[in-house]
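Here's a solo chain for you in C-alpha cells, the form predicted on its own.
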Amino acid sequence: MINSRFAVAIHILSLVASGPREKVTSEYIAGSVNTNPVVIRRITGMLKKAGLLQSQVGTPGAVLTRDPGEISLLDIYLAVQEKEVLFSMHENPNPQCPVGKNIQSALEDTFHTAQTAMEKELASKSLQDIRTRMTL
C-alpha cells in the first residue's frame, strides 16, 4: 500500500528545487511538511540513496542531482516505496472454500495491470510538472 512517504518525498524535492541550499534544512522542510525533522531525514536518506539528492557533511541543505524536469515521479516513488506493491494479496485464504481457493489467481492479473498503469503514469510526469502546477 502506498503511504505518505511518496507525497512527503515530492514535497521535500520541490522545496529543495525552489529554495537556496542553506535555507532548506531538515528543520525547515519539517516545518513545511508539518512533521518531525527525523521523518524528513529518514526520507531524505532514501532520496540520497536513490541518487536524487546530494549533500555534504557540515554544509546545511541539499541539492538535486538532476534538473526537476529530469526526475520522474516514478523515480521518486521507487526511491521511497521500497519493494511495496500497490495492491497486496491477503495470505492463506481457505483452500476448502471455492472463493478462497481461486481469489488470488483471479485478482493477480488485474492487480498487476493496475500497478503497471500507475507506474506508467508516474513515469510520464516529472517533478517539474508538479512544481508547475503549484506555480513555483
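Remember, predicted model here, so these are calculated numbers, not experimental data. Residues carry their position along the shown sequence, with the first being 1. Under this definition, the rigid core comprises the largest set of C-alpha atoms superposing within 1.5 Å between the forms.
Quick note: we don't show the form predicted in complex with another copy of the chain, though the next part is all about it.
- With the partner left out of view, is Val38 within 4.5 angstroms of another copy of the chain in the predicted complex by any non-hydrogen atom? Close contact is absent here: in the predicted complex, Val38 is far from another copy of the chain, nothing within 4.5 Å, heavy atoms only.
- Is Thr59 close to another copy of the chain in the predicted complex, meaning a heavy atom pair under 4.5 Å apart or at it? No, Thr59 is distant from the partner.
- Query: Would Leu78 count as touching another copy of the chain in the predicted complex under a 4.5 Å heavy atom rule?
  - Reply: Looking in the predicted complex, residue contacts with another copy of the chain do not include Leu78, since no heavy atom lies within 4.5 Å.
- Partner proximity in the predicted complex: Leu107 to another copy of the chain, non-hydrogen atom cutoff 4.5 Å: Flag for Leu107 set to yes.
- Though the partner is not shown here, which residues of 90-126 have a heavy atom within 4.5 Å of another copy of the chain in the predicted complex? Heavy-atom contacts to another copy of the chain in the predicted complex: His90, Glu91, Asn92, Pro93, Asn94, Cys97, Val99, Gly100, Asn102, Ile103, Ala106, Leu107, Asp109, Thr110, Phe111, Thr113, Ala114, Ala117, Met118, Glu121, Leu122, Lys125.
- After a core superposition, would you say Gly69 shifts its C-alpha by at least 2 Å between this form and the one not shown? After core superposition, the displacement of the Gly69 C-alpha between this form and the one not shown stays below 2 Å, so no.
- Rigid core superposition, Gly45 Cα moves 2 angstroms or more between this form and the one not shown: Comparing the forms between this form and the one not shown, which are aligned on their rigid core, Gly45 does not shift its C-alpha by 2 Å or more.
- Query: Once everything's superposed on the core, is His112 shifted 2 Å or more at the Cα between this form and the one not shown?
  - Reply: Yes, because once the rigid core is superposed, the C-alpha of His112 moves 2 Å or more between this form and the one not shown.
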